[in-house]
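Just one chain follows, in the form predicted on its own, and it is written as structure tokens.
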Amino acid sequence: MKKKESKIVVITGASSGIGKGLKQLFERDGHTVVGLSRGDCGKEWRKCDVTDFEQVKSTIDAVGMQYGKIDILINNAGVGISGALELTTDDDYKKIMSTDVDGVFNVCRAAVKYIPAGGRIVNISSVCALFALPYRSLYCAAKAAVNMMSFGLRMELKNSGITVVTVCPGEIKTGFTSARIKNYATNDRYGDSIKLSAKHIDDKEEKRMSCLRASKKIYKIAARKKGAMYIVGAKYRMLYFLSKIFPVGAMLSGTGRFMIKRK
């Protein structure tokens, strides 16, 4: 049997959650994986803040010069936020956008020149890019931007033989929920609904897809599949289908009734 060719894989946000799981799976199958993260992610780790383009460029250049190419780039680094849009601080806005949007932009533009024909870019987005959620407006907007950036880049790189794939996972049992920026600031307009709505979602942590199972599903997509977008989670694929049938107003009304909780 012909041995599979070892790939050079770069993963951002590789120190925990899905990024860590993907790193382990690619390494298990004999690929060389370079993890980019702020915290140590083990073998072939490069400390890198994806919000800093100069740092990203120097790190990617070092990887490119060392290995000569990057076969698979996975943009996984991200941060979440909950709270009323009206009461979101400038600092929190900048943190979300600089990590979730600028981070993908920075890494993609630095890495493309090292990706050969047949290579691929996999951007980990979220089902929040597909469905607007109350008190998650900013995060939904950031992930929607990742989707549109990915779709545009896919068309731009088609003639270069580089495939851009977007993956939209649903709720996964990782440390992402606990690390999410939780803004419980409120006023008479919202009362206790911001905190209660956040608790309603966070309390479902144990019912979510395990990180291992999600990582395995995303690994199969990242390693082999070339479609434009994949949704991880049957429930979310059904919701996406329904969103194409029902009017936007009806979908928003139903989502609002389910997500917003009050005493």
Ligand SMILES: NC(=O)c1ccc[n+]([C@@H]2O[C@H](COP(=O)([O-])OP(=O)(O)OC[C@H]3O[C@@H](n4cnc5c(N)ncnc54)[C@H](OP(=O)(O)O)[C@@H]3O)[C@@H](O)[C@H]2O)c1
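The model shown is predicted, which means the values in this text are computed figures rather than measured ones. Residue numbers here begin at 1 and follow the sequence given.
Only in words, not in the display: the form predicted in complex with this ligand, which the text now covers.
In the predicted complex, every residue of the candidate spot (Thr51, Thr99 and Tyr139) has a heavy atom lying within 4.5 Å of this ligand. In summary, among the residues Ser243, Thr255, Gln24, Ser16, the only one with a non-hydrogen atom within 4.5 Å of this ligand in the predicted complex is Ser16. Screening Lys235, Arg224, Lys207, Arg38 for any heavy atom within 4.5 Å of this ligand in the predicted complex leaves a single hit, Arg38. Remark: of stretches 155-163, 121-129, 82-90, 185-193, the one touching this ligand in the predicted complex is 121-129 (heavy atom within 4.5 Å). For Ser150, no non-hydrogen atom is located within 4.5 Å of this ligand in the predicted complex, even though that partner is not displayed. The shortest heavy atom separation between Asp71 and this ligand in the predicted complex exceeds 4.5 Å.
None of the heavy atoms of Val112 is located within 4.5 Å of this ligand in the predicted complex. Proximity of Pro169 to this ligand in the predicted complex: non-hydrogen atoms within 4.5 Å are present.
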